[in-house]
Structures are given as C-alpha cells and as structure tokens.
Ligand code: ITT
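The data below hold one chain only, encoded as structure tokens and taken in the form predicted on its own.
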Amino acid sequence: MEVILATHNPHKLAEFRAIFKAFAPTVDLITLRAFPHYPVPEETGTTFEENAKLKALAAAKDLGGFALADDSGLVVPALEGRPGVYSARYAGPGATDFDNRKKLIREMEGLEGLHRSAYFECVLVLASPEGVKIVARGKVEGTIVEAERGRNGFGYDPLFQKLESNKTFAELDEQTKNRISHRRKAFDKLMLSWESLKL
C-alpha cells in the first residue's frame, strides 16, 4: 500500500520510515519530493488537529491517494501554550531550529520548577480523497532544561527532558526516542484504527 507522507521535513520522514518499517513493512511511504509541483497549503489552523487535517486532506485530494499528515510541536503552559502550532516558525518565518530554541530559552529566563513544565504533542491524520479516515494523538510530558544538551534529534529536542528521565530527547539514541516519543504514541493509536479499516 502506498501512502503519501505530507511533509518536506527530512527528520520527520526518517522517524516515520523507521516506525513504519517495524510495524507496517508493507506500507510504502512516498514523500512530497515526488511531487515537486504540488502547492503545499498554508498552515492556517489554530490547533495541531486543524493543521494536520488541512495538510492530509489537501494532499489526498490533490494527489489522488491516501495521505498521512502530522502536526506537532512543543507546548509550554507557563508561556500561554507557546510555541504551540508555531513551533517550527517560533522565531519568525525562515527561522532555524537553533533560532527557535534560542527564543524559547530567552522567554523562559527566570522561570523555575513547575513553571518549566512542557509537553510535546502530535496529531496524525490519515485521509483519502473522500475525507478523513483516522485522527490519532500522542503526548509526552516533561520539562524545559536551561541549556541545550545532546546532539541527536531536531527541533526542541536538546531542551526537552521527559518526566522520570535525566536525559533530553537529543541525548537519546534514535531507537530509544522512537519508542517513547509523542509521534510514536500517536502512531500506536493510528495503527489500532488502521487495522480496523483493513487498508
């Protein structure tokens, strides 16, 4: 079965391929690189679910197949939920991961204890040209450390330390992170519904 992965993010692609290889080896993931003229829709949603649905439905309808979209990000309650849906562009259009992390560190200066609590959230949406088939969510709670640690991962991984762990996501090897990440939790729920659809 072919599924279009509606993302240009190479890190997400690698993570999804690793997860699908272990649990759904018959699924052939096709990336948007195979459709260079596809106009990626603007993420205008105010929630992760709205954005994921928007991306999945647009790809499924325009490209004529099953499409899987992910929208995910970091939520810091003490910052009124920021970065949230703006996680990838928190420091502005064209911002790098480093730019985003630098802004987050600056905005959290002086915050201590529970005020440094945060969570990663992921919403996965599988759609066909006829509409949304599955919506699955995953969340991992943790805290934001004061300085970056680790060289693995991407995004906010060097700043995020999962609860009951002494390592940031960027200090974990890829296999370990893929077992406990918000994306993996959402994927596990996705696969339960996937099997019932008999795709």
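Residue numbers here begin at 1 and follow the sequence given. Just so it is clear, the model here is predicted, and its values are computed rather than measured.
Below, we turn to the form predicted together with the ligand, even though it does not appear here.
- Heavy atoms of every residue among N9, E43 and H182 are located within 4.5 Å of the ligand in the predicted complex.
- Residues with any non-hydrogen atom within 4.5 angstroms of the ligand in the predicted complex fall in just one of 141 to 149, 155 to 163, 57 to 65, 22 to 30: 155 to 163.
- Proximity of A91 to the ligand in the predicted complex falls outside the 4.5 Å heavy atom cutoff.
- For the stretch 56 to 79, the set of residues having any non-hydrogen atom within 4.5 angstroms of the ligand in the predicted complex comprises D70, D71, S72, G73, in sequence order.
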